[in-house]
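Read the single chain below, which is given as C-alpha cells and is the form predicted alone.
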C-alpha cells in the first residue's frame, strides 16, 4: 500500500477488535503511527498490538486502556496519545456499546452508559484533541456513527439517540473548523460483519426455525437491500480516504455505507 499517511499519527478508539482494528490496520499499512484503545481479553489486546506494531516496523503498538465512560479518562488518553506519538493528527472515535429494549423497559444505567461511550466520549476526545490540531495547522476527525445516526429502529432508543447526536456534533465541529485545514466527518455503516454481529445469526435461526442464511437475510439484514454484510475493510477504506490526500474538501459529511438501506 502507498504510504499516504507517512509522518501522520492516529488514535483509534475501540480498536482492539472489529471496525476499529480494521481502521487501525489500514492506517498503519498507509504509514501512520497508531495508538490503540479498547477493552477485551489480554491475549486479544496483545495480538492486536503486535499486529499493528509489526505494520509500524516492529514492537507493540502503543495502547490506552482508558474507560471512555469517564471524561477525565478520555482527556488523559488524548494527552497520552500526544505524548507517546509526539502529536495527534488523526482522531477516530469508534468505540461503542449496544443494548436493546423497549423505551419503557430500558434500564437507566444502560441508557446512560450508551450515551456516555457512544456520544459523550466523542465530544470529550474532540475537545481535547482540537487545540493541538489547530496549533499544528492540520487535523482529521472521523466519527464512526451508524445508519442509525440517520434513521431509527425500535428498541434501540439509546443507540439511535447517541448516533444521531454524533452526526449533529460532526456537523457542528465541521462548521467551527471550516476555515482551517481540519475536517470532521462521520461514517454511517449498516450491519458490518464482525464476530459480535455474526454471533447473532445462529440464535435467530434457531428462534425462527430457519436456516442461518435465511435468518441473516430476513431478520438481521432485512433493511439492507444488498442482503449482505458490510465488510470491515470497506469501512476502513472509507476511513482512510477521509484522512488521506484529496479529502480536504469533505467536511461535515455523514457518509453512508449500508448496502442501500437509506436509499429505500
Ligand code: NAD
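Residue numbers count along the first chain shown, from 1. This structure is a prediction, so every number in the text was calculated from the model and none was measured.
Not on display, but discussed next: the form predicted together with this ligand.
The site on this chain is open, since this ligand, superimposed from its pose in the predicted complex on the surrounding C-alphas, has no atom within 2.4 angstroms of any backbone or C-beta atom. Residue in contact with this ligand in the predicted complex (any heavy atom within 4.5 Å), chosen from 157, 120, 130, 97: 97. Of the residues given (203, 42, 59, 195), 195 alone sits with a heavy atom within 4.5 Å of this ligand in the predicted complex. Partner contact region in the predicted complex: 67-75, out of 102-110, 169-177, 80-88, 67-75, criterion any non-hydrogen atom within 4.5 Å of this ligand. Taking the partner from elsewhere, residue 146 is found to have a heavy atom lying within 4.5 Å of this ligand in the predicted complex. By the criterion of a heavy atom within 4.5 Å, residue 163 is counted among the residues contacting this ligand in the predicted complex. When this ligand is considered in the predicted complex, residue 244 lies well away from it, no heavy atom lying within 4.5 Å. Taking the partner from the other structure, this ligand in the predicted complex has a heavy atom within 4.5 Å of a heavy atom of residue 18.
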